[in-house]
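Single chain ahead, written as structure tokens, the form predicted alone.
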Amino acid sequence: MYGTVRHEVRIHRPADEVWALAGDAARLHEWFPGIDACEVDGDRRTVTTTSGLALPELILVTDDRARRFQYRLDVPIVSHHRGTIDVIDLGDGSCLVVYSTEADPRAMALTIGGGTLGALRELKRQMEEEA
């Protein structure tokens, strides 16, 4: 059984504008605290943390129409991981951004999920500040 964590935030900006940032695999470091850099090569992404740790990931889905991005960590200490970012148009010029994490070992979902909450808060701050 996997550990799962899901956070969501409403952002008062159009879904397409939020997706342009949140759905770009190479721009994660712009809104995810603790990540200093991202490099994308095809379906591979490497994120580098503030501490200098490089984490390889496999990009599973980038769906501009559904506004869904999925990836998984590709490290031996995690037997299963899937992160999902969905940007949902609410039809009133705002959107709901949902960041879900599932992982085995289960404790990894809590660790990663704590970071994703901070990331969503920062994404909201940046997007609404630009408005």
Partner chain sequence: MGRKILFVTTDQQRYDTLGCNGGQLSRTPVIDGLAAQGVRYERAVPQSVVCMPSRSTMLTGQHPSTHGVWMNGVPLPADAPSVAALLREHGYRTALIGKAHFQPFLDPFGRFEENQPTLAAGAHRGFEHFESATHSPMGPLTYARWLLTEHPEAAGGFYRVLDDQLEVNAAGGGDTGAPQVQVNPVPREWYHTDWVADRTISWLDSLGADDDFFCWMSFPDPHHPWDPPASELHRVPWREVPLPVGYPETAAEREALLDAKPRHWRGWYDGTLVSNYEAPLDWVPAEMTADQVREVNAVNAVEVELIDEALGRVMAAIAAKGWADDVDVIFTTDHGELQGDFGLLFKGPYHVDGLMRLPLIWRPAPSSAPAPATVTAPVGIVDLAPTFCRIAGLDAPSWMEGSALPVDDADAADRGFERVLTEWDSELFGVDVHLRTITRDGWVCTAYLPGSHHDGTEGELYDLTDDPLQRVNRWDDPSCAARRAELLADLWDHQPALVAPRPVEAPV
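Numbering follows the first chain given and starts at 1. Given the structure is predicted, the values throughout are model-derived calculations rather than measurements.
What comes next is about the form predicted in complex with its partner chain, which is not displayed.
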Considering A15, M108, L123, V9, which brings a non-hydrogen atom within 4.5 Å of its partner chain in the predicted complex?
M108
Looking at the partner-bound form in the predicted complex, is F32 within 4.5 Å of its partner chain by any heavy atom?
yes
I'd like to know whether D104 contacts its partner chain in the predicted complex, with contact meaning heavy atoms within 4.5 angstroms.
yes
Exercise: T49 in contact with its partner chain in the predicted complex, heavy atom 4.5 Å:
yes
Can you tell me if A20 lies within 4.5 angstroms of its partner chain in the predicted complex, counting non-hydrogen atoms only?
no
Let me test this: is every residue among A26, G42 and G83 within 4.5 Å of its partner chain in the predicted complex, going by heavy atom positions?
no
